[in-house]
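The data below hold one chain only, encoded as C-alpha cells and taken in the form predicted alone.
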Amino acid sequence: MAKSAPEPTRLVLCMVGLPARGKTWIARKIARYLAWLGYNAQVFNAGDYRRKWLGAGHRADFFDPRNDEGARARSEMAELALADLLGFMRLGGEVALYDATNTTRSRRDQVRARCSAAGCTVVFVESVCEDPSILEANIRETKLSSPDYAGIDPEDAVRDFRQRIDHYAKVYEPVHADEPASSVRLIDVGRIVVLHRIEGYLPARLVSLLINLHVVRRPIWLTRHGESTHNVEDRIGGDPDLSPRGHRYAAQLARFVRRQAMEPPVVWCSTLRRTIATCAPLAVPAMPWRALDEIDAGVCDGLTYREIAERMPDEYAARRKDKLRYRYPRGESYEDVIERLEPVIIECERQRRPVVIVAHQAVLRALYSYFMDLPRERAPFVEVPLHTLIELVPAPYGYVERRHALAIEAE
C-alpha cells in the first residue's frame, strides 16, 4: 500500500501564522492528500470550536490581546481542540493537523510538550504572506464567507477582519530555528519554502506536496478516452484503437478545449493507443505517463465481466465484495493505482496552466476522489462515463465540479 512506512505513524502538524495566511487551506490540502493515500488523518480547527461552543459573530475586539475575557475564551477553545486531537491519536489516528494561529513561542512550546508526552512527532507548518494581492484575495474569498460575518456589509467585514489581524500581529513570534521542533516555513504559499530539521519518512514525503502548492486558479479537465473497439464489445483492458464514435469524441473534445482554455493547456495521457488518439486533435503535445495507464487486469485482460463470472466465479465474487482492495490475479487493485498516481497528483498541484488528463475509468476515479476529497472506499464507484468531460474549478477550500456531455456529431 502507498501508506506503508518504516515506522508507526503518529504525526501532528501544527499550523502557525496570522489570520488569512492560508493555514486552513494548507491543512485541508494535506489532510485530503493523506486520506487519499490511506492515512487516518483529521483536521482540528480552533476557529470551528469557537464558533461551535461560543457562537459565531465575534468582532475584532474579541481577539485583542488586552481583552482578558476574550483571551481566556480563545485559550479554552484551543485547548479543547488540542484535547480532541490527542484523543484522536490515542484511538488510532496517524496524522492530526492542529489548525490554529499558534503565534507565540510559549503556546507552541505547550503544544509540542503535550504532543510529545503522548508519543507524537510534531512538525510546525508556518504560513507567511508577503504578497498583498494574495492576502487581499484570501480575506475577500474565504473570510467574508465565514459565519462570523454573515449578513455584514463586505467592506465593514474587511475592516473588522484587518483589525483582527492587527491584534494577532501584536503578539506574533515567528517560528525560530532555535525552537526544539521540526518546521516548514511557507512564504506566499510556496514561493519560498524553508525547511528545518525535517526527518522521517512521512514529513519528508509531505515536503514534496508543500513545495508545489500555489493559489493560481486553473481548471483541471478529466476525461476518458473516446470509445474504443473494446468498449463496443464490453471488454476490459487491452490496447485497442478508437471506434469511429471515439474519433468523433476526440474531435469534439478538441473543439471544447480550444473554446474554453484561456491559454494552451498542459495535456497528459496514458501510454495506450486509445488515449493518445483522443489527444491527437488537441494540437497540443501530450505527455504520455505510464502512471495513467488503465488498471492492470492481469489474467482477466481482454475479457468481458460476463466471461470472468463464468470462468472465474471466485475472482468475480471477490471483486464485488471489496472493489478497492481486490487485486486481479497477476494484475492490480485500486489501491495499487492510487499508489502509482501520487507523482501525477504532485505534478498537477504544481501546474499553473489548465490541465487536461485523458485516461481510463479506474485511473480517473482515483484522481477524482483526490480532488473531490472522497473516502477511498468510494473511489471504485465514481461515475465516469464515456464522452463526458469533468471540469474541476478551484474554490476556496476544494473544487467545484461541472460535467460536460459532449455531443458527438453523426457521420
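None of the values given here were measured: they were computed from a predicted structure. We number the residues from 1 along the sequence you see.
Here the subject shifts to the form predicted in complex with a small molecule, a form of this protein not shown in this document.
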key: Site test, 15, 108 and 185 vs the small molecule in the model of the complex, non-hydrogen atom cutoff 4.5 Å   = no
ask   = Which single stretch, out of 247-255, 125-133, 108-116, 294-302, brings residue heavy atoms within 4.5 Å of the small molecule in the model of the complex?
value = 294-302
query = Do residue 45 and the small molecule come within 4.5 Å of each other in the model of the complex, heavy atoms counted?
reply = no
inquiry  = Using a 4.5 angstroms cut-off on non-hydrogen atoms, would residue 268 count as touching the small molecule in the model of the complex?
reply    = no
query = Quick one: does residue 236 come within 4.5 Å of the small molecule in the model of the complex, counting heavy atoms only?
reply = yes
is_contact(residue 369, the small molecule) in the model of the complex, heavy atom dist at most 4.5 Å = no
remark   = Checking 323, 162, 340, 140 against the small molecule in the model of the complex, the residue with a non-hydrogen atom inside 4.5 angstroms turns out to be 323
remark   = in the model of the complex, the residue from 221, 334, 149, 289 with a non-hydrogen atom within 4.5 Å of the small molecule is 334
